[in-house]
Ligand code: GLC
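Presented as structure tokens, the chain that follows is alone, the form predicted alone.
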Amino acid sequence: MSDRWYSEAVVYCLDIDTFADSDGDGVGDFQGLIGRLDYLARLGVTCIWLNPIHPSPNEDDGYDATDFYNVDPRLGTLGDFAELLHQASNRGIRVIIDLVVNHTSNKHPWFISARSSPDSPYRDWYIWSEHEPADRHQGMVFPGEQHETWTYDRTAKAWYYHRFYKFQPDLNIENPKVRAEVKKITSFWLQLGVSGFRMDAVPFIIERTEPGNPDSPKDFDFLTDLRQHVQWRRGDAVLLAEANVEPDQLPVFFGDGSGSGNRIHMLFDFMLNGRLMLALAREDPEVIIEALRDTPKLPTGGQWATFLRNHDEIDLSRLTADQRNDVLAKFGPKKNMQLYGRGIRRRLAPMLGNDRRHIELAYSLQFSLRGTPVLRYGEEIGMGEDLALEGRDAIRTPMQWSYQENAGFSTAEPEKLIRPVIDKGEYGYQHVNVTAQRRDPRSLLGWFERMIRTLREAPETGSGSTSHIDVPMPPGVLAHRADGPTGTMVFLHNLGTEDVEVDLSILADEAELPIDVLSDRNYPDVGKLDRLKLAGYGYRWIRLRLGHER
């Protein structure tokens, strides 16, 4: 693992409360996760990203915190969390946590004090307006569920700003005391042993909100300041940010105009995610090729984080209307599969018709593209969604561990579970669970283990450069390569259903005993790279040469 460990990591995203319940109260907890660390180590995970763990009324799945210095008592104690960090470290696994400091819960003591009096020391920790702002009904994050971004508080006798739900008042990042508090929060968790933070809603954190101005300026200097603070406290700590903005705005999140990487280490690649979905829907890789060509040059140390499914809906807002309609028609044709008019609230396996070939192709493609792959819990066994649940909860059902009642997630009575397990149809836990797949070396779980092991043997995929191989290709085929000091890998992916043959003889002079290291089936030897067979929905990872740093 290089000094920039995150460039060669495999990140696994999970909710503590739906992963594993150790005490039978129906809610997952830290001790439950500790008991499953060996499973994650065997899978090949090197970093766990925990969704919010703080005390919360849970009106927004924990993203409405009431105390940034503690853990939700349903999940355990701070001592349990410290033990989790210790046990994960013993297995070579790092832990990062959600840093949700764009807002607090309206039940947070800071806000309760702030609304109580204009003289409260916390009054200007939030954003207020004496008069109804003209942009009150603009900028909603959750259209259809959210109807305003400014709400009148009768106790405060003023309007307060909330980019998200009204029970989540925004913090005023322009206040030096708020900035200092955010730094103190990061220091606390770094001292406990976390390896960094996934920063929620970063463009909104740095928004210098002006009542009546729907396009308020952003203060990027705060990101520079926070990065410096975090790395003084822990040199190898990482900031992984959610910033779903236009492509030309992305470079400034990584660093300032001088080209230095002095802000965010990693950004989720929302542009690539939308294009991956479009390419899979159309069975045409052209939009991925465009993405590889149009990727902004990153400063040294800057890194993309790739994903197919995350903890939210698949956000298609960066696609054109026609492109979005193509993806919805293919993967989310029914209204109850869609969310906020922009996305799909489904897991990947059902989106792809539970076609094992198609699922392998999709994840092979994601994991072989430039950046650090992020995997959502349950995807490695092909879990489905529960569309009877509201909103994003459809893909936040308990992990399916075994044939036991409640899928082995909990011994509680079913009605006491934090959310119902999926227990009907082809995605019910009776058919889709870890125990069943652990016993079958040909299972999807077994494939993920092999694929991740292969990826970790090819570090140039994450830490090197990635480029499209621009030679004539059969319809539906993407050829790309990863180059770095550790060598060169070549990747072929057939997004179509027809068997094809690919000519990559242009690379023959670079090759040093080229060989398949991962493929969807046994193919003839690579030979001179001039007659490479590729099945429908097929993929081949070819080791072209080894580098000098091995």
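Residue numbers run from 1 along the displayed sequence. Worth saying up front: this structure is predicted, and the values here are computed from it rather than measured.
Another form exists, predicted together with alpha-D-glucopyranose; not displayed. Remarks below refer to it.
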property	result
Contact residue in the predicted bound form, chosen from Phe164, Trp304, Trp110, Phe81 - any heavy atom within 4.5 Å of alpha-D-glucopyranose	Phe164
Sole residue of Glu181, Asp124, Glu148, Glu242 within 4.5 Å of alpha-D-glucopyranose in the predicted bound form, by heavy atom	Glu242
Contact segment among 392-400, 411-419, 370-378, 169-177, judged by heavy atoms lying within 4.5 Å of alpha-D-glucopyranose in the predicted bound form	392-400
Non-hydrogen atom contact Asp200 with alpha-D-glucopyranose in the predicted bound form at 4.5 angstroms	yes
Contact test in the predicted bound form: Val100 vs alpha-D-glucopyranose, heavy atoms, 4.5 Å	yes
In the predicted bound form, Phe491 touching alpha-D-glucopyranose (heavy atom, 4.5 Å)	no
is_contact(Trp232, alpha-D-glucopyranose) in the predicted bound form, heavy atom dist at most 4.5 Å	no
Heavy atom contacts to alpha-D-glucopyranose in the predicted bound form at 4.5 Å, residues of 42-75 in sequence order	Asp60, Tyr63
